[in-house]
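Quick heads-up: it's one chain on its own, the form predicted alone, in structure tokens.
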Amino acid sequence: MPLEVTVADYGVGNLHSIRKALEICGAHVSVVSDMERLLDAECLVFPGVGAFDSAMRRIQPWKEEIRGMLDSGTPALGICIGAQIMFDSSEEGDGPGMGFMPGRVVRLAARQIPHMGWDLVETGDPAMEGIRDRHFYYAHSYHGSPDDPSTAVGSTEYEGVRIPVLFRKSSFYGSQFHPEKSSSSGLAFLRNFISFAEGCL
């Protein structure tokens, strides 16, 4: 049986790319705009579209239940904003985040913002096992800054500054890059995540 992946639709973007990529990697994908349906998920994906506050407004009524799922080991992947909402707060928004990963989302300390294009992910994490070309696609102005440095398991260099771009806590992975827009390397990353998620069940 394929892994059942439920993708959260915050109501602000086309989720065709992430859905198609996950399906290519062998998952059965449901995209839901009713956030209550996330509570029945086998595996969660929080996609990389939207802004911090708008995403959290949709999730807020079910925040504690979803946080409980993450705490109890439900496998999940957060991409870009989907990873950022897992922190306590963000310089981009006014409201609180999920608080699953203690820390704050901060604005890039760079001249050229947003950071757009391909950059190398440096990591020894198993999520990148077997991926020879570790260049992934970015489109962001903010990044997570975790209180616990061990939560950041991968980084990239942008304008001479090293920033965390891959996060892991329990059965959750967060990527600042967009695997669904990262060609064959992105698909390989998603296949590794699906294998990881299947192992959590």
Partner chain sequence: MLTKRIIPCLDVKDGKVVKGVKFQNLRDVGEPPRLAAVYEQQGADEITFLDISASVEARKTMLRIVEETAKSLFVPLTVGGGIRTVDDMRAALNAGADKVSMNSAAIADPDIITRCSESFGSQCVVVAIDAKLVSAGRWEVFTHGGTRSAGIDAVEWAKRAEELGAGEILLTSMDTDGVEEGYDIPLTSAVTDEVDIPVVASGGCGSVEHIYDMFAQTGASAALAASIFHYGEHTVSEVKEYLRDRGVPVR
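A quick note: this is a predicted structure, and the numbers were derived from the prediction, not measured. Positions refer to the first chain, counted from 1.
Here the subject shifts to the form predicted in complex with the partner chain, a form of this protein not shown in this document.
Only one of 73, 124, 130, 114 comes within 4.5 Å of the partner chain in the predicted complex through a heavy atom, and that residue is 114. Within 4.5 Å of any heavy atom of the partner chain in the predicted complex lies no heavy atom of residue 188.
A residue is said to contact a partner when one of its heavy atoms sits within 4.5 Å of a partner heavy atom; residue 106 fails this definition for the partner chain in the predicted complex, lying far away. Although the partner is absent here, residue 88 sits far enough away that none of its heavy atoms falls within 4.5 Å of the partner chain in the predicted complex.
In the predicted complex, at least one heavy atom of residue 137 sits within 4.5 Å of a heavy atom of the partner chain.
Contact with the partner chain in the predicted complex, judged as any non-hydrogen atom within 4.5 angstroms, is confined among 31-39, 61-69, 138-146, 168-176 to 138-146. In sequence order, 180, 181, 182, 183, 187 are the residues of 174-201 having a heavy atom within 4.5 Å of the partner chain in the predicted complex; the partner itself is omitted from this view.
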